[in-house]
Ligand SMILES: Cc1cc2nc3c(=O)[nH]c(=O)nc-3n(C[C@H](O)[C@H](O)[C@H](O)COP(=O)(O)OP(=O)(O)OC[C@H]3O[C@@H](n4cnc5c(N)ncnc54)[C@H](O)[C@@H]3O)c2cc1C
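In the form predicted on its own, a lone chain appears below as structure tokens.
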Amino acid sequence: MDREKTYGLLLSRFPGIIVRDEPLSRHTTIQIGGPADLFCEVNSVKTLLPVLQSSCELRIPAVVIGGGSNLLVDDKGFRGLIVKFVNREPLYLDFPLLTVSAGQTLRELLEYTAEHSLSGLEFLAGIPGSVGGAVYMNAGAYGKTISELVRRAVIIGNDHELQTVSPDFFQFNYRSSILHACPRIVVSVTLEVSRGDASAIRKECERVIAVRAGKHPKPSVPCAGSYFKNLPPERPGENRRAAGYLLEQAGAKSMKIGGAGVYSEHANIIINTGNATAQDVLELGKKMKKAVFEKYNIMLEEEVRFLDAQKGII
């Protein structure tokens, strides 16, 4: 069966839910990306499961995204189905365990924890994106990562059935997890929290956000976050070496290609200065990477993931 026929079948099964040719620039924080052949936004597992099951049955490639941070989408879009998961199911607290939907934003999660005097997640303040994306990337800051708090998760496995997994399943590493190489869909995550003072929690979140604001673009400036991963520490017990420092010393802050430029306050952030293409960003990333290699003989590794039109996330 050809592509258009299978697309037609999927559309007929989910009328009003799946749409054609949705620009993915509307769904990434860097505001770049061509149209997805098929696109839907779902806010419940009840809808997510049959959509994924049908796309698999019809052999239509499907990729699930969250808040669209740390993601660069091909200028050609995606040949298949993009599912944006924005689950809004209520959080469930059975202290010290807090279960949260993967579709919740980190901002919403932190609002809840502050309101209920729950501590431990303040280091995530100001980081864009969803809880599922944070698990996928093992998001963190200031020497802490979300993997330290994960106690279990519900995922959609290869058989498109729900299953509960332990933290070991994810094989968490610095800014990565098994989900990069072995795609699974995170549905919900159970985190361990501690009791705290609501006022102190809010103040700490505000402090972290203020620190980030001093070196990160305003939310209105399109970017995907840190483009390269920080480097391992030189000696045990030391902090990771900042890729931004190496990039700055290598002259990256003056670099620009097309509509993509390096942010003036942080050499490890590429911003969309206006009408940037994915190709602009990729070429600029290569230029930055080359400059660091030539100066330090160090090969940086991309943190931002690329969604290829044919291959999916690579």
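Please read these numbers as outputs of a predicted model, since none were measured by experiment. For every residue, the number given is its place in the sequence shown, counted from 1.
Just so you know, the form predicted together with the ligand exists too; it's not on screen, but the next bit is about it.
Asker: So which of 150, 98, 224, 110 gets a non-hydrogen atom within 4.5 Å of the ligand in the predicted bound form?
Answerer: Checking each option against the ligand in the predicted bound form, the one that comes within 4.5 Å is 224.
Asker: Which of 184, 116, 202, 241 has a heavy atom within 4.5 Å of the ligand in the predicted bound form?
Answerer: After the contact test, the surviving option is 184.
Asker: Given the stretches 89 to 97, 68 to 76, 158 to 166, 190 to 198, which is the single one in contact with the ligand in the predicted bound form, using a heavy atom cutoff of 4.5 Å?
Answerer: Answer to the contact question: 68 to 76.
Asker: Find out whether any non-hydrogen atom of residue 42 is located within 4.5 angstroms of the ligand in the predicted bound form, and reply yes or no.
Answerer: So residue 42 does not count as contacting the ligand.
Asker: Using the partner position in the predicted bound form, report whether residue 302 sits within 4.5 Å of the ligand, counting heavy atoms only.
Answerer: Residue 302 lies outside the contact set for the ligand.
Asker: Report whether the minimum heavy atom distance between residue 64 and the ligand in the predicted bound form is within 4.5 Å.
Answerer: Answer yes; at least one heavy atom of residue 64 falls within 4.5 Å of the ligand in the predicted bound form.
Asker: Mark residue 136 yes when one of its heavy atoms lies within 4.5 Å of a heavy atom of the ligand in the predicted bound form, and no otherwise.
Answerer: Result yes; residue 136 sits at the interface with the ligand in the predicted bound form.
Asker: Going through 128 to 164, which residues have a heavy atom within 4.5 Å of the ligand in the predicted bound form? Please give them in sequence order.
Answerer: Heavy-atom contacts to the ligand in the predicted bound form: 128, 129, 130, 132, 133, 134, 136, 137, 139, 140, 141.
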